[in-house]
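Taking the form predicted on its own, here's one chain by itself in structure tokens.
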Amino acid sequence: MQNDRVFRYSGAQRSIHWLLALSFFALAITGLFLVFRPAAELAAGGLSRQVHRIFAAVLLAIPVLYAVLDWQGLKRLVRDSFTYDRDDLRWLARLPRYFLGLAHDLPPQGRLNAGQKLHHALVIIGYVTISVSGLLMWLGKSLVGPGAFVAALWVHNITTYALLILTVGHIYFVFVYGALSGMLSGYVSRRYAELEHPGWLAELDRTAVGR
């Protein structure tokens, strides 16, 4: 930790984040070519389908890669995403203020604020849903049956739209609160940490003093 900057994300965490973003957007774009009629001509020849499957394989491999590079970090992310205390619930009750860029005077938060926890939890659930439905579709009607194939298609598409909405919200908050530097250099400003994660920052300061 430096005077005006706080280390937040390791190189492994940043790499996983950008790989996830790349694969998700590649899947979203190639998936659009496959299901959106005006863009169907762009899928001629099957290239977009093959690219879609390549990035689907990358997406499926991301949790394994995360576990290899940072097992403790992965466990902490999953645990924290589904663990909420009273301050988190109070924070979520004031979510409209946060949407407007008014993060001052919100209940103190740790490494993840309650909004980030909820976002990560929904992304994890969406990841499982879109992966399972995608695999069922990949296997084809002949193996899973036409009924299961259609159900998987609906679940896959709805989950994709939900994840796109979450992604737009994520990008919005990154720029509203100036958090992009964390995924570029690994460091965030001390001002950002004080505003969004005062509990986490206080813990870091105590650790630094105790050394």
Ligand code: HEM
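Residue numbers run from 1 along the displayed sequence. Nothing here was measured: the structure is a model prediction, and the numbers come from that model.
What comes next is about the form predicted together with the named molecule, which does not appear here.
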In the predicted complex, does each of 92, 117 and 120 have a heavy atom within 4.5 Å of the named molecule?
no
If we test each of 9, 24, 200, 192 for a heavy atom within 4.5 Å of the named molecule in the predicted complex, the one that passes is 24
The one option of 34, 180, 165, 67 with any heavy atom within 4.5 Å of the named molecule in the predicted complex is 34
Within 4.5 Å of the named molecule in the predicted complex, heavy atom basis, the matching stretch of 92-100, 107-115, 123-131, 71-79 is 123-131
Is residue 157 a contact residue for the named molecule in the predicted complex, using a 4.5 Å heavy atom cut-off?
yes
_Can you tell me whether residue 59 touches the named molecule? I mean in the predicted complex, with a 4.5 angstroms heavy atom cut-off._
yes
Does the 4.5 Å heavy atom contact test between residue 151 and the named molecule in the predicted complex come out positive?
no
Original post:
Would residue 28 sit within 4.5 Å of the named molecule in the predicted complex, counting heavy atoms only?
Top reply: yes
